[in-house]
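This document opens with one chain alone, in structure tokens, the form predicted on its own.
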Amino acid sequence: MKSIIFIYLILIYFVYIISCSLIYMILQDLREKRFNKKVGKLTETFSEEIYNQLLTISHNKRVSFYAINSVRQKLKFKAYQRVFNNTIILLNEEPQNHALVADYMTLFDDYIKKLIKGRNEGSIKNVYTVFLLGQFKVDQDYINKYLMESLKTTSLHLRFNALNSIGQIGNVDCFIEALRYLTETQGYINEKVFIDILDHFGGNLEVLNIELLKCLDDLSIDIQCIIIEHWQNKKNNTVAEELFNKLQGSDVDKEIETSIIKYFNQINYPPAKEALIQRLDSPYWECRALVAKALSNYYSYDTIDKLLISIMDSNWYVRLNSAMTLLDFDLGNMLIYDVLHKKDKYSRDILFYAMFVKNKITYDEYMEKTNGRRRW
């Protein structure tokens, strides 16, 4: 009898817990809907008020204390905060608004300080606050310090948002300090994300590049490669000489060497030609393949002679890139004669395959010239 009563009590307890949970979720849902409805109503009027103040600043006029204070008072309420933040985020989608937003947000120092006060590391609110600081673009010591502290976390989301916000604010010294910290701690940041942060740096890119060059050797191999790829994406030829000197170094890391070769594939720097040609003898096929491709920017008799050798390489990718580059030089029948003269079936096959890829011959012609042999 006692055991039956006990089972009933347990069942009643579970029903009570489940009922309370359901009631809580329903109330939370209703609360969220009510909040979103209020935000929707405020969006038109409050956003318009913010746009008008920004328009005033864009015309080099001063916004009245009364108008600014009106916004400050409204920011004491969460619905207004949501509208305010969303409006600033929307404005930042247009790069020409960045400076205007930064000027405007300096008027809301108290609001920013309140946002960052008492945030728990790794909490959703903390991650969102760090993201907002990047949107506000205010370059103040207390904000940069907060972001640097946020970088020192095990949370990947928080670390990404912290570095992204530091980049968007555009303080060069703070950004370099962040890179040094990530090097010391071997902090992981996704490569593509990191390159995107560099490509969209909010400060003076020219100054940033100078400082990156100064500290490049002090940074981790991964970060160095990312920086070189950033320069490659931006087609920055002002760093070509320094990268060439680095490539000439006796102890250059293989990954950095690869990144620099890719850079010279995009940036034509004639002094690098000899160094690239020499790397067609590299023991690493990845290096030989990249160099064979990069040499398409460096036409010369020496380049052609070396590629006519590398087209017989033991690696298929090296042979293909060599053939593609030789075709880029538009050597006509002379190229075909030189390759056929070698009587090497692999170089002959890859040349005809490259000609097919570049639409210089049809598929039937390719099959006919290779006697129906497939490229693999």
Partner chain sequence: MVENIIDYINQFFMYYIFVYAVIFFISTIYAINNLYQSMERKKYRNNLRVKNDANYVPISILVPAYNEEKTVVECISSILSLNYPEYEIVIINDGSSDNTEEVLIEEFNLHKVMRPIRRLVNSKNDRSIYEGGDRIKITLINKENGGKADALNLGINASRYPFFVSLDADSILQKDSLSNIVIPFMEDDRTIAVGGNIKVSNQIVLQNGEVAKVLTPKKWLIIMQMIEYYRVFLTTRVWFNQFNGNLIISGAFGLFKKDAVINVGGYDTQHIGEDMSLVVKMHSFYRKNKLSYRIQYAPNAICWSQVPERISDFKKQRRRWHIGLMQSLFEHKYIFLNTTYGLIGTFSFLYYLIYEMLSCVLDIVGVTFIILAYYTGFINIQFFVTFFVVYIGYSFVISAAAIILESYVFKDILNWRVILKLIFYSLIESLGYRQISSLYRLSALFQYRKRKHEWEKINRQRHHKVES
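Numbering follows the first chain given and starts at 1. Quick caveat, the model's predicted, so the values are computed rather than measured.
Quick note: we don't show the form predicted in complex with its partner chain, though the next part is all about it.
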Verify the flagged residues Phe77, Ala79 and Cys215 against its partner chain in the predicted complex: is each one within 4.5 Å by a non-hydrogen atom? no
Is Ile195 close enough to its partner chain in the predicted complex to count, meaning some heavy atom within 4.5 Å? yes
Is the gap between Phe84 and its partner chain in the predicted complex 4.5 Å or less for some heavy atom pair? no
Please determine whether Ile68 contacts its partner chain in the predicted complex, using a 4.5 Å cut-off between heavy atoms. no
Taking 4.5 angstroms as the cut-off for heavy atoms, does Ile221 touch its partner chain in the predicted complex? no
Stretch in contact, per heavy atom within 4.5 angstroms of its partner chain in the predicted complex, of 198-206, 102-110, 236-244, 268-276: 198-206
By the heavy atom within 4.5 Å rule, which residue out of Asp29, Asp328, Glu48, Asp344 makes contact with its partner chain in the predicted complex? Asp29
To verify the annotation, which of these, Tyr181, Tyr128, Tyr142, Tyr284, has a non-hydrogen atom within 4.5 Å of its partner chain in the predicted complex? Tyr128
Enumerate the residues of 148-175 that have a non-hydrogen atom within 4.5 Å of its partner chain in the predicted complex, in sequence order, or give none. Leu156, His157, Phe160, Asn161, Asn164, Gln168
